[in-house]
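The chain below stands alone and is given in C-alpha cells; this is the form predicted on its own.
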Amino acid sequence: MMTAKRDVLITGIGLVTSLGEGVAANLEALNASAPAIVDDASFAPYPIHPTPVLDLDKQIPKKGDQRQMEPWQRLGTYSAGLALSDAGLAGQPDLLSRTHMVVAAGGGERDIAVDEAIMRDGKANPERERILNERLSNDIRPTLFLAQLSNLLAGNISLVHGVTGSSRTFMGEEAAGVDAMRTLSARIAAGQADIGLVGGAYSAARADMLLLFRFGSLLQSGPHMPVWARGADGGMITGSVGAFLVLEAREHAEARGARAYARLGQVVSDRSNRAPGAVKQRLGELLQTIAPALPKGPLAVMSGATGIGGPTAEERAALEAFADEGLSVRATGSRIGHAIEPTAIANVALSAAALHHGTFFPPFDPSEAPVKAAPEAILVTSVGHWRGEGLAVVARA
C-alpha cells in the first residue's frame, strides 16, 4: 500500500550574491530596484558580478579551514552555515546528525600560474610531451588536486558545521542544481529522510572558467545589460552566488516548531540539444508536465535564463505560449548574474522568501510585466548555458 507523499517545506535559506549577504539583504536590494553590482575591469571586456566582502569568521571560525578552501568553497560553506542557522539547526548535533546533504558543484579552481608556465615552456620547446610530463610531476601539488574535487565542498560543510547525515554531490552544471533539489525533495516526500541541506556555490572571478566560456562564445562583452536586452548575439554575465536551502517534511518542521518560508512542489528536469527550436519544445513539454502543480491565472516566474541568444529567446517564447492568462517573469541574471550550479537553487530561495512576505519582485527589465496581485506560487526555470532544462514550483506553505 502506497502512502501519501509528504509536503516538503523550505525552513532555512542561506544566500550570498553580489547584492549582499543573507536573504533579507537580497530581498531589500531587489525590491528597491537597487542597481546591479558589476566588476567590469578585472576581466575586461567581460563583466562579472563579484562576491561581497564577507566576515568569514562568522561561519568558518577556524583560520586553517579558511586557508585550505578555495573562494568557491568558502562561499558555499559560508552560505550553508547561513541556511543552517536560519533553520535553527546550527549547534544542534542531534538534528545535524540526521540532516542529509546534497551539493551541486563544479570542479575546483586551476593554478593559473602553473598552467601559463606549462603553456609557455611548451610553446618554446619542441619536446612538448616531455616538458608536459616533467612540469605536471614537479609543479602540480597533491593538495591542489584535492582542492579541485567537487565533493570537497560537502566535506568542508560537514567538518565545519557538523552535518553528518548522508552526503551526495552532483556535477553537471545548471542541471546539477535542479537535480540536487529534485533528489532531496523526492527523498523527503517519500519518507526516506525528514530533513536535508541542498545547495551550491560559484565564484565568478575565475579566469579559467571565463576562458572556457569565451572559447564557446558564451560570454557577454562590454557594458552590463539586462538578460532580455542582450539579443541574438548575447551571452552570460557570470555571478558569484552561494545558495543553500534546508528542506524538511511538514510533520518534522511542525514538531520542532520551525518557521516555513514556502513549500517546494514538483521539480522536473530534462536535457535537450541546442538545435533551433529544441529548447522551446522541451520546455513546453516540461511545462505541460508541471501544469497541474501551478495555480490557475497569471503566471509568476523566476527565470534562470543565461542571456545567450537562442536558448534565452526560446525560453521566453515557451513561457509566453504557456501563460495565456498573463506572464510576469523576472530574469535574475539581470541583477545577480548567472551562477551555473546554484542558479536554480538561488531562484527557489528568492521565490520562497517573496512568498513568505506575500510579495513578488518589481520588474528587473522594462520588458518584464508587473504582477497584478501577490502570487500563490512561483515557477522557477533553468535553461543551461549548454545543456539541461528544469522547472520547479514554489508555493505558499
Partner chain sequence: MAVTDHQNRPTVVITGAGVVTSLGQGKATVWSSLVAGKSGIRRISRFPIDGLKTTIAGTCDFARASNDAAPDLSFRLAELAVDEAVVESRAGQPGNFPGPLFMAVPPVELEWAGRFTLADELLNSDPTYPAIMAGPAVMHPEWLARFAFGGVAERIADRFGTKGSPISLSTACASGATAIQLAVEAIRRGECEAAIAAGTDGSIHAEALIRFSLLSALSTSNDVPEAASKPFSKNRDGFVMAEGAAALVLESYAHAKARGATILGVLAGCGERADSFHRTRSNPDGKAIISAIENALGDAGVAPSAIDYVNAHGTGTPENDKMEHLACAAVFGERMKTLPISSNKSMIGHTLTAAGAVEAVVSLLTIRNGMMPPTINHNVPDPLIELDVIPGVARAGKISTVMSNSFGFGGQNVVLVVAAEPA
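Values in this document were obtained by computation on a predicted structure and should not be read as measured data. C-alpha atoms forming the largest set that superposes within 1.5 Å between two forms make up the rigid core. Numbering follows the first chain given and starts at 1.
A second form of this protein, the form predicted in complex with the partner chain, is not displayed here; the remarks below concern that form.
Residue heavy atoms within 4.5 Å of the partner chain in the predicted complex occur in exactly one stretch of 208-216, 318-326, 298-306, 221-229, and that stretch is 208-216. Residue contact with the partner chain in the predicted complex: Glu285 places no heavy atom within 4.5 Å of it. Mapping the unseen interface onto this chain, Gly88 falls outside it, with no heavy atom inside 4.5 Å of the partner chain in the predicted complex. Residue contact with the partner chain in the predicted complex: Ser158 places a heavy atom within 4.5 Å of it. In the predicted complex, the partner chain lies farther than 4.5 Å from every heavy atom of Arg256.
None of Ile290, Ala260, Ala313, Leu132 but one reaches within 4.5 angstroms of the partner chain in the predicted complex through a heavy atom, and that residue is Leu132. Within 4.5 angstroms of the partner chain in the predicted complex, the stretch 111-127 places a non-hydrogen atom from each of Ile112, Asp115, Glu116, Ile118, Met119, Arg120, Gly122, Lys123, Ala124, taken in sequence order.
Relative to the superposed core, Glu129 undergoes a C-alpha shift of no less than 2 Å between the shown form and the other one.
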